[in-house]
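Starting off, we have a lone chain in the form predicted on its own, written out as structure tokens.
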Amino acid sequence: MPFSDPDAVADYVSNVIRQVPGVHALHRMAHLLLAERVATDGHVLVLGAGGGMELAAFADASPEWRFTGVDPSAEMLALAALTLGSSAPRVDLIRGYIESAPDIAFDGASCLLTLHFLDREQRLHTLRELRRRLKPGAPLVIAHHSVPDDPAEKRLWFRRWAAFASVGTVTDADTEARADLMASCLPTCAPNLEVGMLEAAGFERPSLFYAALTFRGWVTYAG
């Protein structure tokens, strides 16, 4: 698993900053959207919490929130604990998948840079389990790779992303190879299917708030 490899874990934060356009702004926007509905003393579920970048951003911006962070990689959770620093006591870190999250009603949730690793069946299941763990009306913020299903369009967008993510670090041939790998191996969904799955999972009013090359982000609310 790449997120268990020590070198990959050590380089995770720098790679995310290089590969995800405006990632710090993404975290700020995600917090803003959560804070519209999460009370000052709210409890937020962060699925795919390894690394701790969004957890740290949320914790700094809302110093009275409590968090539960879930991730399958023990190594990435260890990195999250380091990233959180003095905010770590407000965060329960759990190794596992959505089924490992406490079966309680959270005030809000996020799932950033995670769902593009799941096939459609797994993704719909995960979204339904997220919905089941949220209070009615609670916000969910998601963001990940989402590109057209047409093979040529998918490859074109991943070629653009690979060129952005690797400026000055690899050859054009390496960029092309990376685009081919991403387009063929990553189980992405087209944006309209993303919205349909959110609605099928019991969420309401999905709204696009972030778009950057291959990445899309939505805020939606538990119905």
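Owing to the predicted nature of the structure, the values given are computational and were not obtained by experimental measurement. Sequential numbering from 1, following the sequence displayed.
The next section is about a form of this same protein that is not shown, the form predicted in complex with a small molecule.
For a residue to qualify, one of its non-hydrogen atoms must sit within 4.5 Å of the small molecule in the model of the complex; none of L45, W65 and V91 qualifies.
Picking from 155-163, 50-58, 191-199, 176-184 the stretch near the small molecule in the model of the complex, with a 4.5 Å limit on heavy atoms, gives 50-58. A residue is said to contact a partner when one of its heavy atoms sits within 4.5 Å of a partner heavy atom; P102 fails this definition for the small molecule in the model of the complex, lying far away. A residue is said to contact a partner when one of its heavy atoms sits within 4.5 Å of a partner heavy atom; A138 fails this definition for the small molecule in the model of the complex, lying far away. Using a 4.5 angstroms threshold between heavy atoms, T114 counts as touching the small molecule in the model of the complex. Y12 belongs to the set of residues with a heavy atom inside 4.5 Å of the small molecule in the model of the complex.
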